[in-house]
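One chain comes next, on its own, written as structure tokens: the form predicted alone.
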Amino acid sequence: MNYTLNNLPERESKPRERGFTMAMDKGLSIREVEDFLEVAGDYVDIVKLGWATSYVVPNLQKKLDVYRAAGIPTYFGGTLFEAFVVRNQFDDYRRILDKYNMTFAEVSDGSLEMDHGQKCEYIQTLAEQVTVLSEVGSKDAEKIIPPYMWIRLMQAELDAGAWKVIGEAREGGNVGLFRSTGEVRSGLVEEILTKIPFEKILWEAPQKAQQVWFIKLLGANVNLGNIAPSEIIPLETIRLGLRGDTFSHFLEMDNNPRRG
């Protein structure tokens, strides 16, 4: 940091299990990646190449090399996994992970109807090859999953070998965990947290109001994802109580071990 401020929330150090920030790369150029990492690399834990952008983006290997040189792992979006699976190309997908030396993979079923037992088998298989993040929730705004089912699915996927489970929100933050307006389904989140440890969940929260809500609920070290590269620094200031949205919150915060 550039100077000293007392009484800020304590942030976990990288590599960290809590306070994880996942940035979404939706097609940055190599130069944009370099500029992004120069400014915000210290605050990014992992980068997702959104949905199947890795299929069409030029200079994919060079882009991955830039992230790797900065010590930031990457993974392909879950929609790419689904695109391979629906075409009966799961083994090809595994070979792609090896080809690009990927150490993480996302398993999702947000666009594809998939038997959950089969999904857990994919998680189990991939967990022998890479670190798996599994995503729970549908990209279909009309498909409402009840809280007990979110819990059941999340726990089953953790048991199958997922390192963390992702709460679906899409890049717009308007499905899954959120209403179409972007409002958090607060009852759903609270219910999930009665059974699933908060450090095992990566909440997709692309909108500032959503980030503020989760940070006020769970503290500076909540795991947040689908963050735009330009919003990484602003998010870090929200985590530290250095933006108006959380300024007073952290000054008044008690020592609740579930927060901070």
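Position 1 is the first residue in the sequence shown; the rest follow in order. Keep in mind it's a predicted model, so treat the numbers as computed, not measured.
There is another form of the same protein, the form predicted in complex with another copy of the chain; it is not shown, and what comes next is about it.
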If we test each of C120, I151, I96, A127 for a heavy atom within 4.5 Å of another copy of the chain in the model of the complex, the one that passes is I96
Using a 4.5 Å heavy atom cut-off, indicate which stretch of 66 to 74, 213 to 221, 24 to 32, 195 to 203 touches another copy of the chain in the model of the complex. 24 to 32
In the model of the complex, does F84 come within 4.5 Å of another copy of the chain, counting heavy atoms only? yes
Taking heavy atoms only, is Q89 within 4.5 angstroms of another copy of the chain in the model of the complex? yes
Is there a heavy atom of W163 no more than 4.5 Å from a heavy atom of another copy of the chain in the model of the complex? no
Can L188 be called a contact residue for another copy of the chain in the model of the complex at 4.5 Å between heavy atoms? no
What residues, if any, in 41 to 67 have a non-hydrogen atom within 4.5 angstroms of another copy of the chain in the model of the complex? Y43, W51, A52, T53, S54, Y55, V56, V57, P58, N59, L60
